[in-house]
Each structure stands twice: as C-alpha cells, then as structure tokens.
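Next up is one chain by itself, shown in structure tokens, the form predicted on its own.
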Amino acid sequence: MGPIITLLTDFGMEDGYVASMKGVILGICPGASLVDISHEIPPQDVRAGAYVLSTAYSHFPGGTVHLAVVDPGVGSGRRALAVKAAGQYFVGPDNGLFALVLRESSGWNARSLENSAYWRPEVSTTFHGRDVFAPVAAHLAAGLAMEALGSPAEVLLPPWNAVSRKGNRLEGEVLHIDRFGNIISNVKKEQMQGVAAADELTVMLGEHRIDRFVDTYAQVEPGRLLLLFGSSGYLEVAMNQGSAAAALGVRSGDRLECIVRERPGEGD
C-alpha cells in the first residue's frame, strides 16, 4: 500500500473544497491513499478540530501524513506548519489545531512552511488548504525531508490545552460537543488520579451539578445526566438517549470544574 494522507477540515461536503485538495495531492503523490477523518468540524472551531484529530491519529500506521485545516486566520500572519510527532506528520495552520496531539507526545520536530517550491505556483489568500497545505502534505508523503520545508519552529499551545489543579479540584473546559450532544472536556482520565467510584466525582458546568459517575451510558435511566470517560479517555458529561449539551445549554469553550471528593476514611 502507498503512503497514507488523512484529511480533517471544517469545509463540509457541499462545495468543491475537499475535492480540490485531494486533486492537488494526487497530482503530486498519485499513489497516496486518502482517508477522510472528518469534514464536519463546526466552522472555525479549532478546539473541536484538535479534539477530533487527537482521537483519530494514533490509529494510523507510522509515517501517516495528517492534513488538518480549520483555519479562521487564513491569509493573516499566522504561521503554516509541518510537525513530526509520535512517528507521524501533521500539516496545517499554527493555531492550536495540533495542541492535543502534542500534549500526548514526548517530543516533536516542527518546521515553518517557508519554501514555496513545495506550494502551488499561485497561492490564494483564502485557500491555503489547497495551495500550501495540500501540496506540502503530498510532498511529505512522497518522501520529502521535513528540513526542506523551512526553518525550525515552535508550536502554539493555547490556554484551552491546559487543565489546572487546585487541591482536590481540576479546572478545564469544553473541547467539543459531538453529534449525540455529549459534552467532551479537555480533562483526561490519567489526570483524575484516585477517582474510581461513582460517589467520588462532581462536575460543575456553570450552575449545573453532575455527580453520577458511571462506566456506560445505559447505567442510568433515559434522559438522566451522567459522567464517564469516553473511548478516547476524555471526561464527558452525557445524557442517556438524549443531548446533554441541549439540556444544559453548554457550548465549546465553556469552563467546567471537577471536584474529587475524599473517600471514606481519607483525610482523617
């Protein structure tokens, strides 16, 4: 099998944007296998794009190139990047889209996309996905060395990437609302040290208090709110057979607080 290139965007499928990117890629690397992660990221929602990318990339073979374009700053001074992390490549804007991937990686190598020899000859100020990122991804898949793309670069790690701990409390925020209305936070399972039973965790979302911590959605009655760690290890607020986001009026970026209560016998 040839090299693999994945695509993740907020472009949707009504227009020809995704197809034109694929055409550019195949013109440079005709043997590439193209895999769509998602093109239904909410428009300009970098957090959601970062979350969806972080849940998918690790299931691909080493050397896969991930082309990710959720780019509200297209045409501005934001940098364009290629990053090598966890044995894979990531190409896209430097706006936090790779933050969750890099949070899970022990090290990475990033390059600023400065060498226009690997872009399309004419670059639109509004479509870097087609004219910069797609050709660079194709050249990497075809074997181009990262060093040819430009100088070493740092990667933007935005504040929403971090979770803060204050005693028995963790402060995070909502990363993504999935199509089921599950509220997915940026708190990962390994950060919830010591939480092992349903009566040890409370989550506050604004004025809403949720403290039913379970392993599966079906452990509560339909229409009841619950807490669990989803399949990618992120803490979720969900509703069995309903939309927790609609019920609570929660949106991406809203703050949440996790309170870990002492077990009986602790703190004596």
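Predicted, not measured: the structure shown is a model, and the values here were computed from it. Note that residue numbering begins at 1 and tracks the sequence as displayed.
Omitted from view is the form predicted together with another copy of the chain, to which the following refers.
J.: Out of S151, S106, T125, S164, which one falls within 4.5 Å of another copy of the chain in the predicted bound form, going by heavy atoms?
T.: Looking at S151, S106, T125, S164 one by one, just T125 meets the 4.5 Å heavy-atom criterion.
J.: Since exactly one of V69, L235, M239, V52 fits, which has a heavy atom within 4.5 Å of another copy of the chain in the predicted bound form?
T.: If I apply the 4.5 Å criterion carefully, the residue I get is V52.
J.: Answer for S38 alone: is it within 4.5 Å of another copy of the chain in the predicted bound form, judged on heavy atom distances?
T.: Yes.
J.: Answer with yes or no whether V24 is in contact with another copy of the chain in the predicted bound form, where contact means some heavy atom within 4.5 Å.
T.: V24 belongs to the contact set for another copy of the chain.
J.: Wondering, does D215 line up within 4.5 Å of another copy of the chain in the predicted bound form on heavy atoms?
T.: Result yes; D215 sits at the interface with another copy of the chain in the predicted bound form.
J.: Is D178 close enough to touch another copy of the chain in the predicted bound form, meaning at least one heavy atom pair within 4.5 Å?
T.: Yes.
J.: Let me know which residues along 51 to 78 have a heavy atom within 4.5 Å of another copy of the chain in the predicted bound form, or say none if there are none.
T.: Heavy-atom contacts within 4.5 Å come from V52, T55, A56, H59, F60, P61.
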